[in-house]
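Shown below, as structure tokens, is a lone chain in the form predicted alone; questions about how it binds or moves come after it.
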Amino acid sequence: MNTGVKRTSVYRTITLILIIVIAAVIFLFPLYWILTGAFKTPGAVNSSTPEWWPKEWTLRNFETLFDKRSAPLWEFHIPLSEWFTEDHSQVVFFAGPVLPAAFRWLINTVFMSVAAMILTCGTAALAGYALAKKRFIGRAVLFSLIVCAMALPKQVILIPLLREMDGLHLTNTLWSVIFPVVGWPFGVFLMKQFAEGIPGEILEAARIDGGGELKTFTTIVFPMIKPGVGALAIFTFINTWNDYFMQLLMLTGTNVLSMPLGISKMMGEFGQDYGLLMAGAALASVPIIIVFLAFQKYFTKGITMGAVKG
């Protein structure tokens, strides 16, 4: 009897491992195809017969990506600076040598995603904590509006958002993509759900010990909701990185283009060069992989805790 149970357990374990391996291969195959395609010749990339492993390796795609356009390494627009200058012009700082524009596009995209991630996590954590543990007039109504905003498509508020960015003179700057993400309703909702699990006795003990609101949040609340912040950080980073539609509307100048926009414009110039597209995608995938690996522990823990709470 025990032998049969052990044998069934072994078969089940082997089956689960095989399923996991097959799923991993399926999910990793697009990344493998992009990485190998970035080093293929134009004939191999456009061939009707798939070439699973490059017979001839080439750096032509990366040479095209790096050689055709150039831009300063860093260009920083001070938001709202035109309000304080005599000629109402924006204050812009340039730094570093002139390099291939692809490096600049990558820096722009990383800056947008990291800035949006930090600002969103900070504001969402504070707002979620206030909605979960503070009692004030209109709290339920405010949270209901946030939940309703989660179901509101971005296209509905597109025209008011464009007019707002234009009124603030932020169009064609990276801030026009960053600021609309900061008030992400989903982030506030997620952080509220995590903050709900904080025992009120701990917060009361902190107040009795003389801890202020800021100290209580940084020393007690934030460490307890850190898994949720990690999950939100990954969501925000990827959401901002892949928000091609908003980037297309807000960014037009060569120096402020994101990586997806820059590759798209180059594709328009050089036709359907899929090798160039894969080279750009391979370069753009590196920061996403780094961020995911850095926050993987918190992401997994956050998803697990959210599933238990649900």
Partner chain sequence: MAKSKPGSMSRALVRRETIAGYLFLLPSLVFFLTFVVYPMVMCVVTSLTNATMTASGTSDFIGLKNYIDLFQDKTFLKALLNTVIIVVVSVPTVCVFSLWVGARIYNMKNWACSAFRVIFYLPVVTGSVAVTVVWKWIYHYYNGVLNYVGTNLGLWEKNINWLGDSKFALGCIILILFTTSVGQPIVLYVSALGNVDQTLVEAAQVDGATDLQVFWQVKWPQIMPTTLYILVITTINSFQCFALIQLLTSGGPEHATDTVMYYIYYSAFTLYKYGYANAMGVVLALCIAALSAVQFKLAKSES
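The structure displayed is predicted, hence computed values, not measured ones. Numbering follows the first chain given and starts at 1. Take the two forms, superpose them, and find the largest set of C-alpha atoms that agree within 1.5 Å; that set is the rigid core.
As for the form predicted together with the partner chain, it is not shown, yet the points below apply to it.
K.L.:
Does residue 59 make contact with the partner chain in the predicted complex, using a 4.5 Å heavy atom cut-off?
P.N.:
Judged by the heavy-atom cut-off of 4.5 Å, residue 59 is well away from the partner chain in the predicted complex.
K.L.:
Residue-level contact is defined here as any heavy atom of the residue lying within 4.5 Å of the partner chain in the predicted complex; does residue 162 satisfy this criterion?
P.N.:
Yes.
K.L.:
Give a yes/no on whether residue 188 approaches the partner chain to within 4.5 Å in the predicted complex, heavy atoms considered.
P.N.:
Output for residue 188 is yes: heavy atoms within 4.5 Å of the partner chain.
K.L.:
Is residue 64 close to the partner chain in the predicted complex, meaning a heavy atom pair under 4.5 Å apart or at it?
P.N.:
It does not: once the partner chain is placed as it appears in the predicted complex, residue 64 has no heavy atom within 4.5 Å of it.
K.L.:
Should the three residues 54, 107 and 256 be counted as contacting the partner chain in the predicted complex, with contact defined as a heavy atom within 4.5 Å for each?
P.N.:
Verified in the predicted complex; spot residues all out of contact, no.
K.L.:
Which of the residues spanning 19-34 lie within 4.5 Å of the partner chain in the predicted complex, based on heavy atoms?
P.N.:
Contacts from 19-34: 19, 20, 21, 23, 24, 27, 28, 29, 30, 31, 33, 34.
K.L.:
Align both forms on the core first, then report whether residue 284 has a C-alpha shift of 2 Å or more between this form and the one not shown.
P.N.:
Yes, the C-alpha moves 2 Å or more.
K.L.:
Do you see a C-alpha shift of 2 Å or more at residue 59 between this form and the one not shown, with the core held fixed?
P.N.:
No, residue 59 moves less than 2 Å.
K.L.:
With a threshold of 2 Å on the C-alpha, tell me if residue 45 counts as moved between this form and the one not shown once the core is superposed.
P.N.:
Yes; residue 45 is a residue whose C-alpha shifts (by 2 Å or more) between this form and the one not shown when the cores are overlaid.
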